[in-house]
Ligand code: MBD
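Quick heads-up: it's one chain on its own, the form predicted on its own, in structure tokens.
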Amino acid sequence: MTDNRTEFDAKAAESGAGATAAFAAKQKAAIDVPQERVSAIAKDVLTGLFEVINKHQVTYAEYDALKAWLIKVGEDGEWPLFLDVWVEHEVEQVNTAHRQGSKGTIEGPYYVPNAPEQGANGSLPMRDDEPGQKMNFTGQVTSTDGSALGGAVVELWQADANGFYSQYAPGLPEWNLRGTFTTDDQGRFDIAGLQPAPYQIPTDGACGQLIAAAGWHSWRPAHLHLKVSAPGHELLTAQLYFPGDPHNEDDIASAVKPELMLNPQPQPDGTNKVEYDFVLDPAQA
């Protein structure tokens, strides 16, 4: 049967199921965490929850509503979305606090590995009629000692102008706005792409119910997703943002950092040029 749906037919449950499946595929190997650490973390989580219950005098009706909502998060496959939007930013801060190189931020739920290789000077895969402001993104990847990292891998992905990610919404080409770039001998890259637009996270599922019940907004500011890696160095996961976006200050995912702000420069041909250099930390022994 032919699927004639477009990206505008995307459903939170369908996107959530895709994100859950992608995470499950990535997380095949179980990690060995000592019982003492599991016990300590679990006890502290529960203690924190008990404190919230007592502070707000949670009723049984509210408790039952919470149970129903937690069940729906699972049914909609939205645990990756929920955790990546509201929790991951704190985990990222803890795990990168030691770094001397470039700042990073959250990965989010929509990363897909093995995007098509485009070389050091290439274009982000897109449709012939892809809407959006043309953008040229250049930069250099170096180590913290200043040495250029030739052969570094720059993975770039983003939502389209309507806020949808390929492989998580119907009607989009498989690798739309997803590409892998490998730096030249001087660690440089030059990418032809598009300036992304702000978008709302899915709101027709369990996460949307929480947003509506709490009176929050669901917006993320415009951003580029990146993973930058090189042999002997720590992987950098980052998002780059654009000045003037109304949601830079109240990002629903709390992922914006001032060090990750770009400075687009309009060019005579109508393209916006942005430049950003990445500094990678050597891998820890």
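As the structure is a computational prediction, the values presented were derived from the model and not from experiment. Residue indices: 1-based, along the sequence shown.
The same protein also exists as the form predicted together with 3-methylcatechol (MBD); that form is not shown, yet it is the one meant from here on.
Asks: 181, 228 and 278: each with a heavy atom within 4.5 Å of 3-methylcatechol (MBD) in the predicted complex?
Replies: None of them does, since no heavy atom lies within 4.5 Å of the partner.
Asks: Even though 3-methylcatechol (MBD) is not shown here, does residue 189 get within 4.5 Å of it in the predicted complex, heavy atoms only?
Replies: No.
Asks: Might residue 196 be said to contact 3-methylcatechol (MBD) in the predicted complex, defining contact as any heavy atom within 4.5 Å?
Replies: Judged by the heavy-atom cut-off of 4.5 Å, residue 196 is well away from 3-methylcatechol (MBD) in the predicted complex.
Asks: Would residue 104 count as touching 3-methylcatechol (MBD) in the predicted complex under a 4.5 Å heavy atom rule?
Replies: Heavy-atom contact with 3-methylcatechol (MBD) at 4.5 Å: absent for residue 104.
Asks: Although the partner isn't part of this model, could you tell me whether residue 124 comes within 4.5 Å of 3-methylcatechol (MBD) in the predicted complex, counting any heavy atom of the residue?
Replies: Residue 124 lies outside the contact set for 3-methylcatechol (MBD).
Asks: Considering 141, 177, 206, 201, which brings a non-hydrogen atom within 4.5 Å of 3-methylcatechol (MBD) in the predicted complex?
Replies: Exactly one residue meets the criterion: 201.
Asks: Given that the partner is absent here, state which listed stretch (168-176, 146-154, 132-140, 79-87) has heavy atoms within 4.5 Å of 3-methylcatechol (MBD) in the predicted complex.
Replies: The contacting stretch is 79-87.
Asks: Need the contact residues for 99-122: heavy atom within 4.5 Å of 3-methylcatechol (MBD) in the predicted complex, sequence order, or none if there are none.
Replies: Those in contact are 106, 108, 109, 110.
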